[in-house]
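In structure tokens, the next block holds one chain alone, the form predicted alone.
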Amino acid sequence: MKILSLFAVVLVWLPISTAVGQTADISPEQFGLEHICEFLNLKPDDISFRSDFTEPDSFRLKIVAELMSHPLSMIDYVSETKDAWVPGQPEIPSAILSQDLIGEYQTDRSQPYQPNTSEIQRKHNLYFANLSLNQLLSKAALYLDVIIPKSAEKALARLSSEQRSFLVNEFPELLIIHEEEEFFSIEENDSLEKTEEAYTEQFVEFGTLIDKDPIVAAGIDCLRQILLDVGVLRDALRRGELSKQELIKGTSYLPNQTTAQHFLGLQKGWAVGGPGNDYYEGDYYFILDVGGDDVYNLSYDPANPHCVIIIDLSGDDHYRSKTNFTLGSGCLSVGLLLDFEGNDRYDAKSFGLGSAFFGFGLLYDARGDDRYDGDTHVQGAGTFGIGLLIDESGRDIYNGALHCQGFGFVEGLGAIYEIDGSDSYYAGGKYKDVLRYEDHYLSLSQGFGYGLRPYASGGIGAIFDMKGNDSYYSDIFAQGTSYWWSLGIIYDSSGNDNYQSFQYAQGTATHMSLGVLIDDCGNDVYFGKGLMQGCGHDYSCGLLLDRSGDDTYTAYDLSQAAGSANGAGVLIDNEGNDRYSVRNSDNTHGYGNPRRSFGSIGLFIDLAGSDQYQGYGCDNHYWKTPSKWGGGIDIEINPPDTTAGENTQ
């Protein structure tokens, strides 16, 4: 970060008499950043944080380290990652996202287990008459019985039995909060904190021995292969070449002393359901259901991890968890849940609905108005792996309590791709932030990256919502926010959106991390109390970019382009007639507080429209705030043509 002389910065009101022309080959936000930096005697590259500001750890992701060096590059990175989605092909964003799970000092990626010829060509007793169905089942068996378990063993090969047991029993406690903790005494809270710190230190001693790459790669390969065969079946059904009942037609003859469980697809833990309403209960390896309004009441034992594949072709289905680690959950393995049609309901406990816990977990829902409910580490949550939830259509509802809706923990990436429909996201309301408030709750969700300070760097948490008038509700830590060497993202492409939170939200980063919220278009509302709307605290950069629409921003303090403790906060609004309201004008609208002898940076940029301010800013002005390297501009880079319609004769 550039060190400037310690001079007193005073308020400057400079009315703009002429419009500022934008250079054609750069984006409005890039122009605005260069323009305000020139005004404040800065350069955009002055917003930069070196890795040696803290002691590096072996869990740090390369992409996070690179973006920390050039935080404003978050805009391009997020836009490119949003474009990873391809209709009907969830394997593509999965593969692209996996590239960002390489470590800062990692030089190569381990491959999944490669089966030998005998494993590939092993014979099965076939029950079903349809060749394509048998091909799907054979391919699933190869992954379930061979490739994925042996890839998981490869990933954990260097761990002792005690260390593996620690991953299942103690490590989840670093993510879980128990409701009774709200009523703990000071002594009990101190004891709990010491226990969790001891767990963290114990994990750091051996965590670098874990190689997540083989499991993640095996899961993506499995997804790719399974989707090819499912596509063949769905095409045949769609063309009317066979009925659902014909698809699952079996043999009319069973050899003597042979039961159904000797046949592929009917063995223990496997099920193939017909077009009627089916009920599934227990711990399954594989389910294919061709239709009907089905009920899934599923369980999973993390002490005996295995791959789970669920494929439902149609129907209004109800998926329920009896235990944690179900419904698209990759717990020390791979979990795939693929639902192609219907208005579905998903009721999970914790670690589900597109959750990766040392593995790869995907929930893919192609059509329908769906509801997703879960507790902790759900709805696109990743720890040492990729947790992904992709919903391609419908008006959907997401309810979670903690570490959910695009959450990335250590060496993890968790994301939601929500493609179409007006959706509602709610995170929080269950686990109180007892150390600070009596009436507010931790969210740590909705595009939130989280690390274990100061032991282990965090991951990447993201929401990419393409269409619809969406609502985001949270309380503390959410909506494109991060903590400790991690990255939090929200990218909303269109619609009139509503962002409501209380603290640490809406493009905010804390303690050596990065947070970004980008909204492309729509008349949006941003509301919260403090440390939000483009706020960076403690060697961090938080950025909020709204590209168009008549928007309303409301906050109390240390928000709307605020840098704190050597952080950088940036708020950019490219177009629209906007309203900015703050309660405290002393640390908002382009503010950087003086800390550690060289201060912080706050950049407030509005590039078009007739805007209203309640606070420090002003329409059609430049200003410097009484702080370290903070200020704002409200200019017209593309002024309206005032001569349009005039009589030129």
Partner chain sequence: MNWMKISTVVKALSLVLICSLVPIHAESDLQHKVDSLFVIASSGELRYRDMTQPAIDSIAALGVSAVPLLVDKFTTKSARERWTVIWILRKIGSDAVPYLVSSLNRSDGLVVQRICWALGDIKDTTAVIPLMSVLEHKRWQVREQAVGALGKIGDSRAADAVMRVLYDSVGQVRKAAVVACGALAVQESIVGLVHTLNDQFYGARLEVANSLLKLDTTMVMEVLVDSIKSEKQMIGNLICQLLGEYGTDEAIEILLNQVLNSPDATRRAHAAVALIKADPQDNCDYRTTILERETDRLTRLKIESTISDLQNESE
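Positions refer to the first chain, counted from 1. Keep in mind the model is a prediction, meaning the values are calculated, not measured.
Not pictured, yet referred to below: the form predicted together with the partner chain.
Contact with the partner chain, judged by heavy atoms within 4.5 Å in the predicted complex, is confined among 150-158, 230-238, 428-436, 572-580 to 428-436. Distance criterion of 4.5 Å from any heavy atom to the partner chain in the predicted complex singles out Phe184 from the list Tyr556, Phe184, Phe527, Phe340. Asn189 is the sole member of Gln89, Ser494, Ser73, Asn189 with a non-hydrogen atom lying within 4.5 angstroms of the partner chain in the predicted complex. In the predicted complex, the partner chain lies within 4.5 Å of some heavy atom of Arg453. In the predicted complex, the partner chain sits within 4.5 Å of a heavy atom of Ile601.
Among heavy atoms of Asn566, some come within 4.5 Å of the partner chain in the predicted complex. Mapping the unseen interface onto this chain, Lys62 falls outside it, with no heavy atom inside 4.5 Å of the partner chain in the predicted complex. Contacts between 534-565 and the partner chain, taken as any heavy atom within 4.5 Å in the predicted complex, involve only Tyr539.
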